[in-house]
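Quick heads-up: it's one chain on its own, the form predicted alone, in structure tokens.
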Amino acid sequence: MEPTTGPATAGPQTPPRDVDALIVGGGPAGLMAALYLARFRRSVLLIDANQSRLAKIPRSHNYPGFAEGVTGSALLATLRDQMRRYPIDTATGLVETLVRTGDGGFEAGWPGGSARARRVLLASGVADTPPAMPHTLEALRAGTLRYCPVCDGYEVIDRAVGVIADGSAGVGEALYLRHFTPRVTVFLDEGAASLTDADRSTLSGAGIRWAREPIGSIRHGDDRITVRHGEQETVCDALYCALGLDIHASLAKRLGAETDESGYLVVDRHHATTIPGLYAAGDVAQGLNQITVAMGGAAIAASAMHLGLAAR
């Protein structure tokens, strides 16, 4: 997202700009919240680090309104174009500091800029942990390496599917995918040695195979992905990565916001965090990591922020 001209993108010597609402993150949740708040006639500043997971999705088939599916980059461009039709200021950067001010608001800082806001929405998202091996990006772009069986499990019905994991965490994902196909194989960083007896019993009971040797490499070609484990290779139609997520909640955690056992920000039915005036929506907050869920949560949060501002 290109920054607008003016104080939002000025150098650090410029005094912080004052706005009603600051949004951290320019993915689906951040863009939806900005749109709602602008239509509520609130002054809005959106800071985007250009790290949205949406841009990495080759094609989504479960986003409504696109019968043939839509690429993440195209959907992101459409949302940005719609946002630009409203008086929303933007800046490009990674917000590094967020502190409370004496009047109950917040002050945020990023390289080259700062701003004060009466309300803040964190839509900073998460980052998937990719396999530490070559050809990962190539396979991701081709759609043979995937991260979300909720999003696209339908597309692998009865196909050969792999799950790459670093231990027991991959068992749950393999079981989830078993609903769509009987042809599931688990590949592990350290091989079968990282599976417990209970894991093996669970997988066997579901008819799920696992490779005994540690995974060595992946290779994309002909719309399939080849997994090398030890001296053997297994060809899959899709490989799901279950190596975990980096949840971008540090700004809120430094303020003392509560997180759940997985690290997601705890929010109420208005998407308010446990810090007054601080809201969260999208993948950084509790809930299902889905585009539609992120946008719905952002609409709820923006509406609550507007009403809260009106009460002051």
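The model shown is predicted, which means the values in this text are computed figures rather than measured ones. Just count from 1 along the sequence shown to find any residue number.
The protein also exists as the form predicted together with a small molecule; that form is not presented, and the subsequent description refers to it.
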The small molecule contact in the predicted bound form: Ile291, any heavy atom under 4.5 Å: yes
Contact of Ala206 with the small molecule in the predicted bound form (heavy atom, 4.5 Å): no
Partner contact for Tyr147 in the predicted bound form: the small molecule, 4.5 angstroms, heavy atom: yes
The small molecule contact in the predicted bound form: Leu54, any heavy atom under 4.5 Å: yes
Heavy atom distance at most 4.5 Å to the small molecule in the predicted bound form, all of Ala123, Cys151 and His248: yes
Contact stretch among 194-202, 215-223, 113-121, 94-102 - heavy atom within 4.5 Å of the small molecule in the predicted bound form: 94-102
Contact residue in the predicted bound form, chosen from Ala49, Leu243, Leu255, Val266 - any heavy atom within 4.5 Å of the small molecule: Ala49
